[in-house]
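This document contains two forms of one protein chain, each encoded as structure tokens and listed individually as structure 1 and structure 2.
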Structure 1
């Protein structure tokens, strides 16, 4: 088990290095000229010389590889440089805006688990029945709308018509209930299906038949089956945490949460490429870390190496 986790760690290191390169590569692909944009902001109508001067100042005239090594050697120490927009250190703004987004993602994760697990079990137990059909319909509807629209609908019902919640703000945990519920409803729609089919898969497999024939109690069998069925769901839950952070801009806009998603969108539209780089890198690192954590949980749940076929399924 330890050996498996260690080998995953090796892969993780390679992936993390690749992520930094990709992040840098993606933003430098963009035709947006940060120097030009900053010069315009500074001098309104910059001359050719002024643009060149700004470019030298930002270090954007150096070759790409050199820019990358300069950026990454600082970034690993948490120094992302200063924002082109505000001139302040990016790390301060980033850590401040990370908090509401992490709260949102954590609460959404909790709600997603609370929705997907019972509904998945119910739809597996009552397949073909009314409950199963209702959950099927719920799933189709909720995976077909953007999560921020679910947010709007929750807001219209629970903040406008029945004023239970405040319409904006990110002060208390209560303010995060509606946005994270919106995210969770969207995410769990597809999770329920996956969990249901792996549960059914578990109940149909040979080890259950063997356990039944040996007279092992149904409760113990249920534990065995859920251990067998959980890994795909754990993987999905881990992924959805990162997806929530990456796609948080919309839901943050709806509920006026000053999170990292809105910071990223502001930086993108004002061509603040260093801030974009920093945001993307941090989100990607969180995504990778949470996925790794999910893998470790799966290894603990199922210490034995899975068979080839099941490994492909994931």
Structure 2
């Protein structure tokens, strides 16, 4: 199993390296000159000499490969440089912005699990019944609308018509309930269907027929089937956590949350390429780390995967 983990970590390292290369070189292809944008903010109407001075100051006059080498060598040590827009260390701004986003993603993950597991079980148990059809309709509707629209609807109902929550802010955990629900409702729609399908496959499998023939109680069979059906859901939950962080900009904008999504959008609009690269790298690290953790959990949950791991080690 250790060899497999090391192998997966090697693959993840290659993925992260590819992400940094693509992001760095794609931002360099933008027709907007970062030095020109910074010079305009600094001098309002900069001359060519002032733009050239800013470009040399930022190191943008060097070859692109040399710029990337210098940036990545510092980035792996946690030094992303200073923001072109604010002049402050990016690591400080990123640390402050990441806390609200992680709170949003963690609470959304919790709500997603609380919605996906019981509704998936109920949908499988009431297959063809009214409850199963209602849950199926719920999933279709929620998958058909974007999460920020759900956020607007939740805000209108629970912050305007029924003032239980604040319209904007991220000062307490209560402020994250509505945005987390908006993300969770959208994400749960697909997770419920996957979990329901896995449960039905489990109940139709040979080991369930054998267990029933031996007189094992339905409660124990339900536990076995749930363990059988959990790995796909665990994978989806891990991916949803990463997608929440990567795609948090719209929800953060709707609820005025100063998270990493808002920071990334601001950096893109101000042509702050070093901040863009730092945000993308941190988001990619979290995404691949969470997916790796989901794989490890699946190995623990699924005995067949453990057998494969032992065979791989040999």
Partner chain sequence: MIGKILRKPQALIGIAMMLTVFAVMIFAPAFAPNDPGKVDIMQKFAEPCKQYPLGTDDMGRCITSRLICGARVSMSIALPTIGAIAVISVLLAAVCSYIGGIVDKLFVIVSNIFMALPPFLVAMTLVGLFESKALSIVISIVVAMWVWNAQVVRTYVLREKSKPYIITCRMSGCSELRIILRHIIPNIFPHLLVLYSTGLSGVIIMISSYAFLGLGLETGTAEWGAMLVNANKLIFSHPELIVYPGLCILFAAAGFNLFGEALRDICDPREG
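Source: prediction; values computed, not measured. The term rigid core refers to the maximal set of C-alpha atoms that superpose within 1.5 Å between the two forms. Residue numbers count along the first chain shown, from 1.
For the form predicted alone, the corresponding chain is the one labelled structure 2. Once the rigid core is overlaid between structures 1 and 2, residue 64 counts among the residues whose Cα shifts by 2 Å or more. For residue 291, the Cα coordinates differ by under 2 angstroms between structures 1 and 2 after the core has been superposed. In the core-superposed comparison between structures 1 and 2, residue 256 has its Cα shifted by less than 2 Å. Taking the core as reference, the C-alpha deviation of residue 47 between structures 1 and 2 is 4.0 Å.
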